[in-house]
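Given next, in structure tokens, is a single chain: the form predicted alone.
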Amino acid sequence: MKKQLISMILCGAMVAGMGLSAFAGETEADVLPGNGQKIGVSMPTKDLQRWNQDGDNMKKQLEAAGYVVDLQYASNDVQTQLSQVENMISSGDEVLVIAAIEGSSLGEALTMAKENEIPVFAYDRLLMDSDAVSYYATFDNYMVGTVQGNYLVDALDLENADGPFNLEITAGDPGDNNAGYFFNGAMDVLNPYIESGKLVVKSGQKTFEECATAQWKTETAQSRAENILSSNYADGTNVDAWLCSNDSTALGVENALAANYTGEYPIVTGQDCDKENVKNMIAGKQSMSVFKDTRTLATQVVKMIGQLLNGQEVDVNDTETYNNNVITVPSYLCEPVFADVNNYKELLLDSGYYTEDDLK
């Protein structure tokens, strides 16, 4: 598979400053038309805003390209998703696009897909422990973490400031393969400062296992943050920065800070630019969120499906990184950018991702 080095879609940056009509025009130009083939799209849950947007964008773009779309949400229940995917196969879906609840949970369905010669696209979360995965489309997940880590380095001026600064960490779901990439990317940036003593994790919780948040739940992140605050910062000691891997966990931390914290407000990271988090960003309760434009990822997947079904070479730009314990899956990585109070209008409003009313 040829490794494409040019024309990577820059998520967020690509659409910044463009109208939505320009974005839609690029979709129409790039996507190969379908002929009524049925595409199964399995999303993990409707509980998180981003998956609703992913599902909606995928359905709209696939239908615009001439496909019939079988879109289902699994309510964050592994068995439900397994049954839904098996039903998609039984009902004649010709391609599967799966954003897994747990990357290793769909082995039976993937085996069934392979037996029926149905291509499988892992969407934003790598499907693990199977040779039935045809392609993986996602954002550069390690880069997401490095963007968050570098933001903290710059915001705290760690290269020049004396410190020490207090840091706490909230990571993602152990069942989501991406969560480790997010965590490792950020910690590879921050660990030198932790080792030198310029960053201090007062809770002592620095490993992924200690910092993980099952199913990315806001309530779980909030409960853990409340325990950290009551145990280490009840005397008014400042938390200078809180690394949160995504917006649902960041929201939990922000809720805990609002209820239990008396020091100076910390720098808080996030990911996904969920509406409530962007509102918090505008209000000064969250510092940044990594922007992953779901329209762009959907566009790329629709394009790849068209290429596959029309017997063309499928665009990938990474053939080395994403090993699922059985095979290294050919991947297309979009590049993330961050939004903060200084650029959110350009990235989120001018591009048509949100309207002003969405953020009121």
Ligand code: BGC
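When you see a residue number, it is the position in the sequence shown, counting from 1. Since the structure is predicted, the reported quantities are computational estimates derived from the model, not experimental observations.
From this point on, the text means the form predicted together with beta-D-glucopyranose (BGC), which you will not see here.
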property: Of 333, 48, 69, 314, the one that lies within 4.5 Å of beta-D-glucopyranose (BGC) in the predicted complex (heavy atoms); result: 48
property: Among the candidates 176, 93, 254, 168, the residue which, in the predicted complex, approaches beta-D-glucopyranose (BGC) to within 4.5 Å (heavy atoms); result: 176
property: Segment assignment from 159-167, 187-195, 122-130, 84-92: heavy atom within 4.5 Å of beta-D-glucopyranose (BGC) in the predicted complex; result: 122-130
property: Residues 182, 216 and 292 all lining beta-D-glucopyranose (BGC) in the predicted complex, heavy atom within 4.5 Å; result: yes
property: Residue 246 within 4.5 Å of beta-D-glucopyranose (BGC) in the predicted complex, heavy atoms; result: yes
property: Distance check, residue 148 to beta-D-glucopyranose (BGC) in the predicted complex, heavy atom within 4.5 Å; result: no
property: Touches beta-D-glucopyranose (BGC) in the predicted complex: residue 271 (any heavy atom, 4.5 Å); result: yes
